[in-house]
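Below you will find one chain, with nothing else, as C-alpha cells; this is the form predicted alone, and questions on how it binds or moves follow later.
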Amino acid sequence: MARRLPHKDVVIVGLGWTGSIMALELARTGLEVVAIERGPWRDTASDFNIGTAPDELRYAVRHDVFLRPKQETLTMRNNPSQTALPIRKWGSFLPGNGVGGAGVHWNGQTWRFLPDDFRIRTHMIERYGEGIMPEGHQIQDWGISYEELEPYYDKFEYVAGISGKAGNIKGAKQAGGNPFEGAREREYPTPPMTQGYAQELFTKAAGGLGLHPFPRPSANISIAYTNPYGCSMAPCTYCGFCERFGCSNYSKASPQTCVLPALVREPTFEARTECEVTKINLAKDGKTATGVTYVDLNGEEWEQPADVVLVCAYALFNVRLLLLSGIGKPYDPATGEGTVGRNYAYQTGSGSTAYFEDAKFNPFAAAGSLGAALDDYNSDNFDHGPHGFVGGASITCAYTNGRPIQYHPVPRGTPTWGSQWKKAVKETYQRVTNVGAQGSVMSYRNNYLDLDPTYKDPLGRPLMRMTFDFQDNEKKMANWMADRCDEIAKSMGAKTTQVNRLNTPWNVVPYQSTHNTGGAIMGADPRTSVLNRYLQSWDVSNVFVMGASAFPQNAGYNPTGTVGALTYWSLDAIKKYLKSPGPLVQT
C-alpha cells in the first residue's frame, strides 16, 4: 500500500532539460513543485570535476552516466512478424541516467527544424502530389508552425548560450550563416566556434561546388557567457570529451550549467532522486490525473498527489509511462487505430570517410558540435522529384574527439588487431576526416512502440516493445546523401574515400544515435495524436508530456533545440491552464 504524501501543485517526472526548465519557471511563480528522478543527483563540481571527467574508460566505455538495463530496458524487433527480445546492453542508443538526463552526455548540436518540417505532409503533397509519399507512411503535420515556435527557439538558445552564425534575421539573409534556416529574431547569443583545418577544407570545397557551408550551431560555447537565469559559462577548451561525458569546464550547455544553479535556490522546489515513478494516478472518471505513484531506492511505495503532472522523462520512457498508466488508447498497427506508441522514428546516418596523403589534422582538438555544415540537401531545400524519396539530411565535416581508446580510424579491410592494425592507426590517425549526413526518418504504420506481452521488469510491469526498421525511403535518401558527401570529400583533396551506406536492417548493437522520437506525438487530431499543439494530453487535461516523444516524425537534425523550444512553448500554455484548468484545444 503506497503511503500518501502532502499535496503539491506540480509533480514532474524526470529532471533533465525539460523537467528542470519547467521546475524553475513554475517555482518562480510561487507554485510548490516536486521533481521525481529515477537516477542520482549529478553536479558539475562533485561529479564531473577536472580530475575525473576526462576518463574515457569510465564514461565512454563503461557508460557511467547511462541507464543500466537492470533499471529499465525494452525489447526490440524489426517487424511485427518477429519475436522481440530484451536489450541486455545498450548499443544503438544510450539513455541517460540521473539529474540532467541526456543533457549531461550530449554532444551539443543545437538546431532549429526548418519551416517545411512542421508541415511536411501538406508541403510535400502540395509541391509533388500524393504519389511521392512512401508506402505505408503515417507522415503528418505537427499542428504548430515554425513562426509560432521561433520566439521559443530563441529563448532556449539564449538560456543555453548557443554559439553560431545566423543566416536569416527577420527575413534578411546574413553572410556566413545558413541561408536555408527560418527567419530568426536576432543573432545567436555567442559567436561560432573556431573551426579546424578539416572544416576549412570542407568549407572551401563545398563552396566550390555551389553549396552553402556554415559553422554548425553549438552548445559547446565559444566565449564566456552569463544566461538570463544568471548562470555563468566558460569558453570551450576543445578537449574532445563531450558526448558520453559531463563537462568539467562549464562550457557545454546542460541543465547542470544553465538551469540547476538557479533552480536549487527556489524555496518551493524539491527534488527526489533515485525514485522511479511507476504510474500516473487517475480520478475515477479517467479524465483527470490526481498525481503519481513512485518507488524509492528501498523499494517503498509512495503516492504524490498534485494538481498537474508533467511527464519529462526520456522520449521512450514517456511513452511507456502513458501505456502503463492507461492514458490514451494504445496504437494498434493492424487497424491503424489508437495513438500511444504511434509514429516511432529514429535517425539515419551515412557519409564518406576521406583519407588524405599530405593533409594533417588534429582530431583530439575537438568538441561535440565543432564543425562546418550545410543544409542544401535537408528537408525540401532541393528538388525531390527525380529521386524517389522524401526527407533529407544535414551534412557536416566535424571531429567530436580523437580519444585514445575508441578513436582508431583505419581503412576498410584492415585487421582488427596486430601489427598491421597498429601501422594503419599510426598512418591514418591524423590523415582522415569524415563528411557525414544525419538524415530524417519518416513515420510508418509498422514502426511503433507497445507493451511486450512476455517480458517484465523487476516490479512485474511489462517492458516496452520497440518495432522498428529503416524503410526503403530512408535507405534511398541516406544512400543518395552518401554520394553527395563523397563528392565533397573528393573535392576536399582526399586521396581515397570510403562511402558509408545504409543497406542493412536496423541493428540494436552498434551505436548510431540517441535521437529516438515519437510514440506520444502532438497534432491537430486526437484520432492520430496523443497530445494537442500545447503538448497537453487530449484525454487527461492536467497531464502534459515534454520531449522528442512529441515529434510526429524526425527531421535531419539533432532534436534538442526543438525539444527546448517546445518546452517553453508548452510552458506558456501551462501558465494559462493554471488560471483556467481544462482542455486548451476543444474537440
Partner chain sequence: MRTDRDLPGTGRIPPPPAKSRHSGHLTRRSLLASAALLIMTSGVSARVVTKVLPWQPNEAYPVPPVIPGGYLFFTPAEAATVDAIVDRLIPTDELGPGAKDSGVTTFIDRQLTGPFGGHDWLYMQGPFSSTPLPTQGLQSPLVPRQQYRLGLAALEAYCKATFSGKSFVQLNGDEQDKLLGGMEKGDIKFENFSSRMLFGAVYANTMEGFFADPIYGGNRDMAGWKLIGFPGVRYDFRDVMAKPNQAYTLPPVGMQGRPAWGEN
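Please read all numbers here as calculations on a predicted model, not as lab measurements. Residue numbers count along the first chain shown, from 1.
Below, we turn to the form predicted together with its partner chain, even though it does not appear here.
This chain is displayed without its partner chain, yet in the model of the complex the stretch 84 to 92 from 310 to 318, 346 to 354, 433 to 441, 84 to 92 comes within 4.5 Å of it by heavy atoms. Contact with its partner chain in the model of the complex, judged by any heavy atom within 4.5 Å, is made by just one of 276, 150, 487, 116: 276.
Residue-level contacts in the model of the complex: of 209, 459, 172, 283, one residue has a heavy atom within 4.5 Å of its partner chain, and it is 459.
The shortest heavy atom separation between residue 272 and its partner chain in the model of the complex is within 4.5 Å. Residue contact with its partner chain in the model of the complex: residue 585 places no heavy atom within 4.5 Å of it. Put simply, residue 62 is close to its partner chain in the model of the complex: some heavy atom of it is within 4.5 Å.
The closest heavy atom approach of residue 29 to its partner chain in the model of the complex falls outside 4.5 Å. Contacts between 66 to 87 and its partner chain, taken as any heavy atom within 4.5 Å in the model of the complex, involve 68, 69, 70, 71, 73, 76, 77, 78, 82, 83, 84, 85, 86, 87.
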